[in-house]
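We begin with a single chain expressed as structure tokens, specifically the form predicted on its own.
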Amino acid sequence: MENTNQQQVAIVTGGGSGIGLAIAEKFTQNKIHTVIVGRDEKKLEKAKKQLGEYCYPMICDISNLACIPAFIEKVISKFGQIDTLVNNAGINMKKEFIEVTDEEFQRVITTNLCSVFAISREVVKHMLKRGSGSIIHISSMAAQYGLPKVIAYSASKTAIDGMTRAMAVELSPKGIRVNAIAPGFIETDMTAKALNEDPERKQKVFGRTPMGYMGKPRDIGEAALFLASDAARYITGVVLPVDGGNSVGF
């Protein structure tokens, strides 16, 4: 968001709930026009009520790659620019390694990786014309160390880290910064359910998090706002853990 124009425009995929909603909330609080993208119209409308006038819900199933170019054109025709793209939408699947089918593996890869590539490519075409922009991928602890029973998710998020670095090196000379955030264990409905059903895993999470407690979605929102802002103008190609020290914990 390095342009001098007062109006800033951001896209947050999966912006209707959880971490995406927290990022969109930080953006809208800072008067950034924020397009929240998702499949569930009710969820997006509910988020719009919470976020107010700077929030624009738009329906798009980003796992359907063919829809993405037209969707980005729609955003451009409405706002004229895109300053920040946050690739947050993702799915997970917990299953024993040998039970994962090719179709299941591919579905996770398509949503978590291929769609991130496709939407970034379409947004970058417009950012290049203006010579500025910030792209933020949401990575995971699954790319920092090995997590059992999430093979497709781990593969997708590790690929996101590699893509972050490759994109940064190619695009930063043209004014586009590319970074990622690797959230640790964050309090969302999804993680609460997963950890409460698995006390052993819960104990492990707290045991290796030096700060001793889980993060809040807003912690990721703050990091995204920073990376999107001029305060981070000399930062690119970074995968920033926001994890209470989990990735370095013993």
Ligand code: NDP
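In this text, residue numbers run from 1 along the sequence as written. All values reported here derive from a predicted model rather than from experimental measurement.
There is another form of this protein, the form predicted together with the named molecule, and it is not shown here; the text below is about that form.
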Exercise. Thinking of 33, 127 and 228 as the candidate spot, does the named molecule come within 4.5 Å of a heavy atom on all of them in the predicted bound form?
Worked result: no
Exercise. Does residue 38 reach the named molecule in the predicted bound form, with heavy atoms at most 4.5 Å apart?
Worked result: yes
Exercise. Heavy atoms within 4.5 Å of the named molecule in the predicted bound form: does residue 43 have any?
Worked result: yes
Exercise. At the 4.5 Å heavy atom threshold, is residue 50 in contact with the named molecule in the predicted bound form?
Worked result: no
For this session: Evaluate residue 211 for contact with the named molecule in the predicted bound form, applying a 4.5 angstroms cut-off between non-hydrogen atoms, and reply yes or no.
Result: no
Exercise. For the chain shown here without its partner, which stretch in 70-78, 128-136, 149-157, 167-175 has non-hydrogen atoms within 4.5 angstroms of the named molecule in the predicted bound form?
Worked result: 149-157
Exercise. If we check the named molecule in the predicted bound form, which of the residues in 40-75 reach within 4.5 angstroms of it by a non-hydrogen atom?
Worked result: 40, 43, 60, 61, 62, 63
